[in-house]
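A single chain comes next, written as structure tokens; it is the form predicted alone.
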Amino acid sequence: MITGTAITKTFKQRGNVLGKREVPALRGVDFAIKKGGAVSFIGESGCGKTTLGRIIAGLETYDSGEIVIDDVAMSGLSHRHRQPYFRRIQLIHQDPYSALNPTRTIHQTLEAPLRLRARQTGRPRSWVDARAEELLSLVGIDPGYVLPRYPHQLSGGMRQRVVIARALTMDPEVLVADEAVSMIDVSLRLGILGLLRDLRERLGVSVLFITHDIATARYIGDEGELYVIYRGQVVERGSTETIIADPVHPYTQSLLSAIPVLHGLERPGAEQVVPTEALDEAQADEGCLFTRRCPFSTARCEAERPVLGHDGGEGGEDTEQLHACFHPRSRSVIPQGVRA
């Protein structure tokens, strides 16, 4: 079990002659990843979801808040003592080509972490080669063909499967998949998504899926939780199916309204929500972060910042569905099938 409480992160960006500008990436984010569960973070580019994923994987520091892994608070440990905990969490990179060393064969790529794992678990040297073959077979590729080859000799789908196999070398409890299918051919994406679902079921590994694509989040997050993040704040949270079927925050509704419609088979939702203007990270932070883009904002939205919770409204009757909106309301935004 991994939980985060009030996680904040601010980056300093080079500004004008007056100095550097601070850019909040995360604004007090809470999360929970259950053992064997599935969690998806969705939002626009720049919303903070990748930063949060890197923090969870131990690749990025955070300014304040607390991350707890198996009831152990990470802030109270030195870097050396945190490492064994974060090794249980492995990142699957967005770009499978840049994630692999082009000067190493796939055998060499898998051999290094497997040797470390062998020392940690007291296994013999012969186990390394056998385990490399086992992991490649597990992710659906032929070890005899792949092991002696270099990354450039493999297809994009095969490289992504190798990246997943490398993540599995440390016997992780959590896989953090950051836009794991965005850099490979559309025809291969379903196979990678199916592999992640299969690993979750067969190995009991938790999957944290970071994406801007509602459809992939729904596929991976079956019976899981969905976190909608906007400008570093979780604005809606609940079960994946509940959020997609009955969103109450206007930002979530705008994401769902952008789902492409299969013409002739579907029609757009009757109450689609379109932001009133483009995202501007330089906007003032007073009030609701979405207020200037929200077609339903009021004076209260401009003056006060809503916090994540459940306060009824006209939607979101599921008590597990939380939102950060003063005027939550269910709207029909997802495409509807056309009756023959």
Partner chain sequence: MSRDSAAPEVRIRDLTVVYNTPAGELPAVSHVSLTLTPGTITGVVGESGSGKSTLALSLLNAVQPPGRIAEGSVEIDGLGDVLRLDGEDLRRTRGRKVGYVFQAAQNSLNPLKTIGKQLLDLGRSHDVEDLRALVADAKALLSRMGLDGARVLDSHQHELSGGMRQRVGIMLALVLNAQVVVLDEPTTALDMITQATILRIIREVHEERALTTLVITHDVGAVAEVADDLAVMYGGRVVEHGPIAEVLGAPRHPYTQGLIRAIPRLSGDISLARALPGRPPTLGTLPAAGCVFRERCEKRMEICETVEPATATYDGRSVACHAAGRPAPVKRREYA
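Since the structure is predicted, the reported quantities are computational estimates derived from the model, not experimental observations. Numbering follows the first chain given and starts at 1.
Separately, the form predicted in complex with its partner chain exists; it is not shown, and the next lines address it.
Taking the partner from the other structure, its partner chain in the model of the complex has no heavy atom within 4.5 Å of any heavy atom of Thr242.
Although the partner is absent here, Thr103 sits far enough away that none of its heavy atoms falls within 4.5 Å of its partner chain in the model of the complex. Among heavy atoms of Asp213, some come within 4.5 Å of its partner chain in the model of the complex. Interface residue remark: Ser78 is not counted as part of the site for its partner chain in the model of the complex, having no heavy atom within 4.5 Å. Contact with its partner chain, judged by heavy atoms within 4.5 Å in the model of the complex, is confined among 67-75, 103-111, 264-272, 128-136 to 264-272. Shown without its partner, this chain lists Arg189, Arg117, Arg231, Arg87 as candidates; in the model of the complex, only Arg189 has a non-hydrogen atom within 4.5 angstroms of its partner chain.
Residues of 239-264 lying near its partner chain in the model of the complex, listed in sequence order, are Glu241, Ile244, Tyr251, Ser254, Leu255, Leu256, Ala258, Ile259, Pro260, Val261, Leu262, His263, Gly264, the criterion being any heavy atom within 4.5 Å.
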